[in-house]
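Presented as structure tokens, the chain that follows is alone, the form predicted alone.
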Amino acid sequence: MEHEYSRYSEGLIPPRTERIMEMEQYARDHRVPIMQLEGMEALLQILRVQRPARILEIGTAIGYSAIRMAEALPGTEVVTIEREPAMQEKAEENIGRSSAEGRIRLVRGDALELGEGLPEGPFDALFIDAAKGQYRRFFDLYEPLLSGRGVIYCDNMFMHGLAAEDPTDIPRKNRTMIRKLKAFTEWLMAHPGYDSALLPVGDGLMISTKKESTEEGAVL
């Protein structure tokens, strides 16, 4: 039944442009991790409701999600960070072919080592989709750049089902990463400054919104 629901929902996904589908095919052919379609469409719809003026993305890859977000949100600026040179070049190429080219800025470098090269805030949305074992460090480093109405989105929280597996059933090479990802999930769900929800779409999408504060500045 779950498979039937998934197939049904996939059939309702709006058609993409030929250029976007070419990027999806490239990702499949070259094993580049991009956001799953159901998760991507859910994220875009939530962003349409939020209407952020500026989005900061950690993990550009080939530029797929940055382009999808910018094209779905006319007027929104997307700043995206990528550390791998090969991905940087492919992302630049794809961004250059996008109708939103002028609203997407690629920052070349390791998001954990930019130092004074950190993008200038504030941003209304932070999208984390990079090294899964480093999500807590990405949060700590980039959360301060959010505006008062900022929302944090984290993809791959299920990590293709591994997050729900017994630790002994997880391949040894993935255990540390999964342990860190699960610890981050639990930490964020209990964060005193954020309300978070883990949506079972795509590979698991976490959405965290800032809690309202009292006039004295204490979190409600």
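Keep in mind the model is a prediction, meaning the values are calculated, not measured. Note that residue numbering follows the sequence shown and begins at 1.
Below: the form predicted in complex with a small molecule, not depicted.
Contact check for 33, 111 and 127: all three have a heavy atom within 4.5 Å of the small molecule in the model of the complex. This chain is displayed without the small molecule, yet in the model of the complex the stretch 60-68 from 183-191, 60-68, 161-169, 46-54 comes within 4.5 Å of it by heavy atoms.
Although the partner is absent here, residue 103 is not a contact residue: none of its heavy atoms lies within 4.5 angstroms of the small molecule in the model of the complex.
Contact check for residue 84: a heavy atom falls within 4.5 Å of the small molecule in the model of the complex. The small molecule in the model of the complex is approached by residue 138, whose closest heavy atom lies within 4.5 angstroms of it. Within this chain, residue 145 is remote from the site of the small molecule in the model of the complex, having no heavy atom within 4.5 Å.
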